[in-house]
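The form predicted on its own is given below as one chain in structure tokens.
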């Protein structure tokens, strides 16, 4: 049996980027907009990129990172929308190629087939963002109707400070 949600249900897919340490800001913003949240993380992101215990407590559900066993109930209700933040070079390229080798990427691939709106906040270093495979991936995903926020490289500006990562922009892209 699948868990039932009282309100609209948002999957938050978290990838292994340093900025993931602040994913709780996205969860807070989503909950303030009346979303119920379930977090799905890449396996690498689960290894110290954010406080998993705090995120589980905040979302009120365990973080998913691995597939469930056959016959196990689905731990989350079906999504009404998906946010990928931060979205890394690796995840974006695997998703565009349909390489569903992790639960996170498989969820993104499946979301397209279900017609679920997906918003993405890329967090990709400038040097990686110039790679032709990445550019092709962006074209393919945009062609699939995926909504992208401005890229975030994490590079310090001329003043030496890093810009804020606009977590709430992902929710704005969903247009809800």
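Positions refer to the first chain, counted from 1. All figures in this text were calculated on a predicted structure; none of them were measured in a lab.
Below, we turn to the form predicted together with a small molecule, even though it does not appear here.
Candidate from 37, 55, 40, 123 lying within 4.5 Å of the small molecule in the predicted bound form - any heavy atom: Checking each option against the small molecule in the predicted bound form, the one that comes within 4.5 Å is 123.
Contact residue in the predicted bound form, chosen from 29, 44, 138, 109 - any heavy atom within 4.5 Å of the small molecule: Residue within 4.5 Å of the partner: 44.
Touches the small molecule in the predicted bound form: residue 89 (any heavy atom, 4.5 Å): Yes, residue 89 sits close enough to the small molecule in the predicted bound form that at least one of its heavy atoms falls within 4.5 Å.
Contact label in the predicted bound form: residue 163 to the small molecule, heavy atom within 4.5 Å: Residue 163: no contact with the small molecule in the predicted bound form.
Residue 10: touches the small molecule in the predicted bound form, heavy atom cutoff 4.5 angstroms: So residue 10 does not count as contacting the small molecule.
Interface membership of residue 18, the small molecule in the predicted bound form, 4.5 Å heavy atom rule: Result yes; residue 18 sits at the interface with the small molecule in the predicted bound form.
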